[in-house]
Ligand code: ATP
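Here we start with a single chain on its own, the form predicted alone, put down as structure tokens.
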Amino acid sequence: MVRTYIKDLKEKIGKDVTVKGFVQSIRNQGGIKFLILRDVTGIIQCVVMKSDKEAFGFVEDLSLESVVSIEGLVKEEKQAPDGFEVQVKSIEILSKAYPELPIPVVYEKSGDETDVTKRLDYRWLDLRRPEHLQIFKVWTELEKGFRKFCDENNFVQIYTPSFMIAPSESGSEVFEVEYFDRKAYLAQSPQFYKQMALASGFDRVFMAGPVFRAEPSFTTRHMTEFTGWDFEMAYVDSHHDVMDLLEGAIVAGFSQIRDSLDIDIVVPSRPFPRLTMAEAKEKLSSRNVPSKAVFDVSPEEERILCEIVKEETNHDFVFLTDWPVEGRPFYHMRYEGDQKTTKSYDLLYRGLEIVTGAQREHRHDVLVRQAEEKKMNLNQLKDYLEFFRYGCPPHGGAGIGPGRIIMMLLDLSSVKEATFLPRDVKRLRP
């Protein structure tokens, strides 16, 4: 018999079905035994009667989280959690779980949550919880919306390498690896390759892939490897063109979640608030918030600035634009006549930076000069700088942290909760 998903059982009342999944709980009431079965779409109560001797006997051997196939009749039952249940006719054990689970999958009481470190050690069990599965359903819909937007706006997807011959940013916080007879680096971003695509005439590109940062951070917002979404677009007049498009992509992603999943979500209105760094620092100063530096914002500054913007505009997003040169990479374009300010931005969401972007410098001679000012190794940058020697359109783009978006959207305690298998300074398993 063809498998029926639990979400479709209501349409099968009065019919025999086969359901498959994990045994979430077992309750013995003498002549009747109740199983709660869970699959990727939901849970269902299954009833085993003593008169069905073979199935009744199988239950004696069952342990929690065993994987089973059940054949039975879907019938209405007002006392059942969903108003219907499956009356079991036969059970097949597909995979028997060891009786002692290292962590519980279902928590009976509030407040008895297992320590997060142990939960991550047994991540495959931790992820069986429906609320954790929901995190990755939200991921899926958010990316569907982003991809649909990119398709509708003429973007081409590219796939860039993780091995690089030179660091892609300042040269710090990179993983150095042995690459046969030489050294290579794991990419901090696909930035150089996105720009090469525009020098190739691709016009608009996007990608999704791993990003590596060798920073010894132990915060709820950092990991050593994470998934990045990136796009780059040609023929921009300023970084505001990039921000305009980014707004559309975020609205498309949030709309996709709202339309596809049963969760309470606010789709942001456009345009998003925009503040220059100078304006942001003034607002923070008016609240007596200590400043980390004129060219950067601390996590506390990000949080309080978003609170201010929420009070003033009732918006969860805010762009911080026009960052000082000291706080940005050498390839960010600067204002003509103001070599201290870059045409760049960060996007904050509910107190956390989720996007960094800019209009890029596309003129070879200016790039060389700015790299020298930043004391970059021009020999290591030789291949990158070659991209701009033979014509490259004015362009700009963004690097997006979808894990951080999910973290703030679902009010998770850490970006690790929004990551399938997180990697940090201490964690390389499972």
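It should be emphasised that the depicted structure is a prediction, and the values quoted were computed from it without experimental measurement. Residues carry their position along the shown sequence, with the first being 1.
Heads up, the form predicted in complex with adenosine-5'-triphosphate (ATP) isn't pictured, but that's what we're talking about next.
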property	result
Among the candidates Arg128, Arg350, His222, Lys281, the residue which, in the model of the complex, approaches adenosine-5'-triphosphate (ATP) to within 4.5 Å (heavy atoms)	His222
Answer option from Phe202, Phe226, Phe254, Phe192, heavy atom within 4.5 Å of adenosine-5'-triphosphate (ATP) in the model of the complex	Phe226
Non-hydrogen atom contact Val355 with adenosine-5'-triphosphate (ATP) in the model of the complex at 4.5 angstroms	yes
Proximity of Glu215 to adenosine-5'-triphosphate (ATP) in the model of the complex, heavy atoms at 4.5 Å	yes
Interface membership of Arg404, adenosine-5'-triphosphate (ATP) in the model of the complex, 4.5 Å heavy atom rule	yes
Contact label in the model of the complex: Pro394 to adenosine-5'-triphosphate (ATP), heavy atom within 4.5 Å	no
Proximity to adenosine-5'-triphosphate (ATP) in the model of the complex (heavy atom, within 4.5 Å), stretch among 380-388, 367-375, 36-44, 395-403	395-403
